[in-house]
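Single chain ahead, written as structure tokens, the form predicted alone.
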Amino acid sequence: MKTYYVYILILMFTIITGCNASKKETILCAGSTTVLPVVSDAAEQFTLNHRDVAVIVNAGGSGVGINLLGEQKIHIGMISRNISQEEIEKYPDVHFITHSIGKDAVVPVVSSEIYDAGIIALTIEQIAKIYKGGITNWKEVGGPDKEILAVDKEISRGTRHVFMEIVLGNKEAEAPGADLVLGSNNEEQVAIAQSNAAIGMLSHAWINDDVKGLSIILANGERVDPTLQNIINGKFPITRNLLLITNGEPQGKIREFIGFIKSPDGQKIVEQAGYVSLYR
């Protein structure tokens, strides 16, 4: 819960900063809750040295970021997945430009009670069977005799796209075994922490003592842990780039802001948020 309130406060702060700066140049950002902590912290630092600029940051998910940029209602979209061809074709007047700001992994996570009971690694096939409804009790994969609470995400979420593309082979695959569909990372983190038998999908940075990240057992039997090193070297099988998107090449203060996030100081924010910087 603590993390949830922290990000609510961050969101409120950036909105208040923008509202108090009606005469300033305003940069509007929206989209992925995974990218949100980086952009929010970067906005706070950037505006300290750019008093003539206000940066307003809102969440909503990668799909929201793409659609709002496509409708030209914001200047920067935040996304944690690639833009689909259908989305590009939906907005023929928009020239989507992507800007990589870091790297992340989508990790299958479980309630700490399940992890402590011995479920520390699963195969992709086992995870797929859970989301398809073929495995419904933890004892079927060597855990306690508890019914599995499978947590899914809204279909527009970037984290879900990346996870389902690897686990079910289709980024928009249905998950008939899911018991609950949630939105943001913080919503899912809280739900799993409050359950004693849940499984879900989260950005690597959102794992904590109450929500444990599972290792993945590869087809050759090797176990790959969800560590930063395995994200950097590409061994963890569910990794992704964290991206900003603009309509054409950014200009002026928007260009400066994105440049700041990609600078050494901005990349420190990426690492502090728990992600992998561009320089690793």
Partner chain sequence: MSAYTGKIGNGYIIISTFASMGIILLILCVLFFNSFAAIRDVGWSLFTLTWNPPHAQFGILPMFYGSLAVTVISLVIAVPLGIFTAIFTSEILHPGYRFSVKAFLELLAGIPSIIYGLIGVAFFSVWVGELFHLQSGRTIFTAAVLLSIMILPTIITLCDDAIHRVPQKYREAAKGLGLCKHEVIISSVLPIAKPDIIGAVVLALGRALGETMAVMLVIGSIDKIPAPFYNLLAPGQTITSKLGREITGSAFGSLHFSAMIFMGIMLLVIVLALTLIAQYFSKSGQRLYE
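None of these values were measured; they are calculated from a predicted model. Residue numbers count along the first chain shown, from 1.
The discussion below concerns the form predicted together with its partner chain, not included here.
Review point. Do residue 90 and its partner chain share at least one heavy atom pair within 4.5 Å in the predicted bound form?
Key: Because a heavy atom of residue 90 falls inside 4.5 Å of its partner chain in the predicted bound form, the answer is yes.
Review point. With the partner left out of view, is residue 140 within 4.5 angstroms of its partner chain in the predicted bound form by any non-hydrogen atom?
Key: No, residue 140 is distant from the partner.
Practice item. Answer yes if any heavy atom of residue 178 is within 4.5 Å of a heavy atom of its partner chain in the predicted bound form; otherwise answer no. Key: Residue-level check for residue 178: yes, a contact with its partner chain.
Check your understanding: Is there a heavy atom of residue 195 no more than 4.5 Å from a heavy atom of its partner chain in the predicted bound form?
Key -> Contact check for residue 195: yes, within 4.5 Å of its partner chain in the predicted bound form.
Practice item. Answer with one of 124, 149, 119, 207: the residue that has a non-hydrogen atom within 4.5 Å of its partner chain in the predicted bound form. Key: Only one option qualifies, and that one is 149.
Check your understanding: Counting only non-hydrogen atoms, which stretch in 42 to 50, 251 to 259, 63 to 71, 220 to 228 is within 4.5 Å of its partner chain in the predicted bound form?
Key -> This holds for exactly one stretch, 63 to 71.
**Study point:** Partner contacts in the predicted bound form for 158 to 197 (non-hydrogen atom within 4.5 angstroms of its partner chain)
**Key:** Heavy-atom contacts to its partner chain in the predicted bound form: 170, 172, 174, 176, 178, 179, 180, 181, 182, 183, 187, 190, 191, 194, 195.
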